[in-house]
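Take a look at this single chain in structure tokens; it is the form predicted on its own.
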């Protein structure tokens, strides 16, 4: 046997396959790899299918035909004139003539009719005088693909009703406060409440979280106390949100009532269930997420950058401020996006803290009572009427758009900081 042939032979004291056994071994490993690739692809397909079904279910409920009945048709109330030809004062006069004095005073007490827009006054006319009500509704699929079924149902069950294609997601839906009737309910109060809450939450949690992360990564020593703190921060990120709600109820709503109710600034309010209490609770909820993500971002900054800065005579803080934080900021913003997404979709802590399930006045400050979009969706989906599920689907679309918009702003800021490095 030549020296070259000897090199190609496997060592006799090993168990490695060779020859045909090696080829069979390679074929088996490739088959296993192919199976895993197909399983991973199947996982992706299942996830995309589930997401697609979810979006289809939401859109299918948010649009479709409705059957409307009136006690007095709007055309009769407007004397067959188009709405554009009727002034707001005429609409108010029609309402005043057809409702009781007490009801008219109540409507003005909620919000003066003179100060409302013409569209809002017309909606009041439809609700209070025309007594419009949805007697039946169809999904978008039925409306588009089963028109004969819709026509047959209208002919047999609702001969006096008017068929109308309705987008439950409309400008009126966005610009109208809550109502006990689904065809007149809107999400304006909930949108403002969610925006107030999320803005205050970020203002509170972001500086606290980043500050804590800087201290733990750059200043804190590797002693036992700091390891305990770090372990607890990691554990707090997995605590159920309802626990944070109970904590917020005990501390921010009850113990700190003079602060969260606004009494400390002279407001005549003894109820601590305000936007400020909710924002403090949500800040507590997302604080571990912000700290952990900020720590990871700071830890990823090369140590050589710090050493070079210190070698040139910069102080510790100058090194952190001018070199570490600018490099870590895109990663910090990414963690902030994830935390904000969790805060805006949470429902359980807000229920415990005391968000209102029915409120018609818009929040005007951090000490106001409020509701939020997740609370509204939860409340509407628990109602027995099908129409409430329709407007709940429309509210989910609003919540998704709001979430994507806020995330887009954060992503744009992150990319701008990344390009400036």
Partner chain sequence: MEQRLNAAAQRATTATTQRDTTMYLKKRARIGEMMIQGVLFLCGMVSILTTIGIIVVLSNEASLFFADSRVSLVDFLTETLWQPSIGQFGILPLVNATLLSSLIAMLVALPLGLSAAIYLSEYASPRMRGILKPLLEVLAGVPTVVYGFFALTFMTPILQRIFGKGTVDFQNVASAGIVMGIMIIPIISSMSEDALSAVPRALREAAYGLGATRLEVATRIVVPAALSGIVAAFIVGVSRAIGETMIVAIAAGGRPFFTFNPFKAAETMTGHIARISGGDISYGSIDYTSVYAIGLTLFVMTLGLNILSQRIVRRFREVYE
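Quick caveat, the model's predicted, so the values are computed rather than measured. Numbering follows the first chain given and starts at 1. Take the two forms, superpose them, and find the largest set of C-alpha atoms that agree within 1.5 Å; that set is the rigid core.
The form predicted together with its partner chain exists for this protein as well; it is not shown, and the discussion that follows is about that form.
Among residues of the shown chain, residue 412 is not one whose heavy atoms approach its partner chain to within 4.5 Å in the predicted complex.
Among residues of the shown chain, residue 244 is one whose heavy atoms approach its partner chain to within 4.5 Å in the predicted complex. Its partner chain in the predicted complex is not approached by residue 361, whose heavy atoms all lie more than 4.5 angstroms from it. Of the heavy atoms in residue 177, none are within 4.5 Å of its partner chain in the predicted complex. Comparing 316 to 324, 126 to 134, 190 to 198, 109 to 117 against its partner chain in the predicted complex, the single stretch with non-hydrogen atoms within 4.5 angstroms of it is 316 to 324. Note on the partner interface in the predicted complex: the residue among 232, 75, 100, 89 having a heavy atom within 4.5 angstroms of its partner chain is 232. The single contact residue among 121, 208, 140, 154, judged by any heavy atom lying within 4.5 Å of its partner chain in the predicted complex, is 208. Contact with its partner chain in the predicted complex, defined as a heavy atom within 4.5 Å, is made by all three of 33, 212 and 347. Shown here without its partner chain, the chain has 273, 284, 287 in 255 to 294 lying with a heavy atom within 4.5 Å of that partner in the predicted complex. Superposition of the core reveals a Cα shift of less than 2 Å for residue 365 between the shown form and the other one. Annotation: Cα of residue 43 displaced by at least 2 Å between the shown form and the other one, core superposition.
With the core held fixed, residue 34 shows a CA shift of 2 Å or greater between the shown form and the other one.
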